[in-house]
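So this one's two forms of a single chain, laid out as structure tokens and tagged structure 1 and structure 2.
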Structure 1
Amino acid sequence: MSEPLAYIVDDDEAMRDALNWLLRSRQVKTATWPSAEAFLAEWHEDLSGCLILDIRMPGMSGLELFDQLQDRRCLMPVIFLTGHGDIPQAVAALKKGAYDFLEKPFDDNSLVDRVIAALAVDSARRSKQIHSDEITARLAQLSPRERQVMQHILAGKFNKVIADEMQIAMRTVEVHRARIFEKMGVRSAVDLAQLLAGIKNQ
């Protein structure tokens, strides 16, 4: 996972420099690109942070870059910088999942506040994803029989009922239950249910 940054994509060098200075003055680390094409060429799924994107640029526009990133399932928050005539397009982008837009000329503090908020959103989402990946890895350690027993446990059934329904010894169910709890890192059926419910709700 890369270090979280505010990625500034704007064809106006003076604007890039101004945004770079502004954000760094508030301890927000940045990286800049002069075009949508240049950013897209270097984008990869491990980039973390948020994207500050000029809506109008020569060549590929900010909106076109946004569409390309969505096609690539990029979930990084995107803040559009717009001129007055671009507001309808920016609103449409919000409906498609953009994080926010600010109209030029914008208030410096408002921009930085929105960037910091977007960085927090991205960090929280990535933390949840890491947690979800860890749980998925634990599930992968379960044997097919342990998965069967786990489904019965999640249904709230007692060991004797599970043994009768699966036609195995109750001691075998107890062993499976203990191994499931150990592999999943839980102490009880309630803990197990809560752990799995957490990844379903993400």
Structure 2
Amino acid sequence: MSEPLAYIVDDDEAMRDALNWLLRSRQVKTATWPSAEAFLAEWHEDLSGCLILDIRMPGMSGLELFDQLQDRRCLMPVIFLTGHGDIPQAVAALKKGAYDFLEKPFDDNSLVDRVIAALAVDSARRSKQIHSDEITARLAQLSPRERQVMQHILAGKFNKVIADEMQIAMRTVEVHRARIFEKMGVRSAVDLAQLLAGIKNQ
């Protein structure tokens, strides 16, 4: 988990420098990249922050980079900058999940406000993701049989009913149940249901 930065990707060095200076004047840490390819080559999922992305660049475009990042489940909010955009392009980007879309020239304060807001969004997303990853790791510790028993538990069934349906002894259900609670770090079926509900709607 790296420190949150605003990542600036633009082939225009003057623009990179201007954005760099602007954001740093508002205490936002930055890193800059001259091309989509260069950024992508160094991207990894633990980079945190947001991405300020020029659309029109030689080689890979901003939109193409965005697609690539989405394919890789990148969580960072993306703010598109464009000097020659149009409404359909803006609408399509936002509907695809981009965080914002600005035309150049832009209002300095407005841009920084949006970057700061995007960083907050990233932070919230990342906290959720860390939590979700932890639960997923616990689930991965369950044996196949435990997983089956867990589904029945979550369906609110009595141990006796579970035993009947799985054609095993009730004592066995109890053993699996205890092991599930232990591995999942919960003390009751309600705790378990709440824990799993918390990652289900993400």
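Numbers given to residues start at 1 and step along the sequence of structure 1. Take the two forms, superpose them, and find the largest set of C-alpha atoms that agree within 1.5 Å; that set is the rigid core. Only a predicted model underlies this, so the values are computations on that prediction, with no experimental measurement involved.
Both panels show the same chain in isolation, but it is structure 1 that comes from the form predicted alone. Hinge angle between the two structures, smaller rigid part versus larger, from C-alpha superposition: 19 degrees.
Relative displacement of the residue 155 Cα between the two structures on rigid core alignment is 5.5 Å.
Fit the two forms on the rigid core and the C-alpha of residue 137 turns out 4.0 Å off between the two structures.
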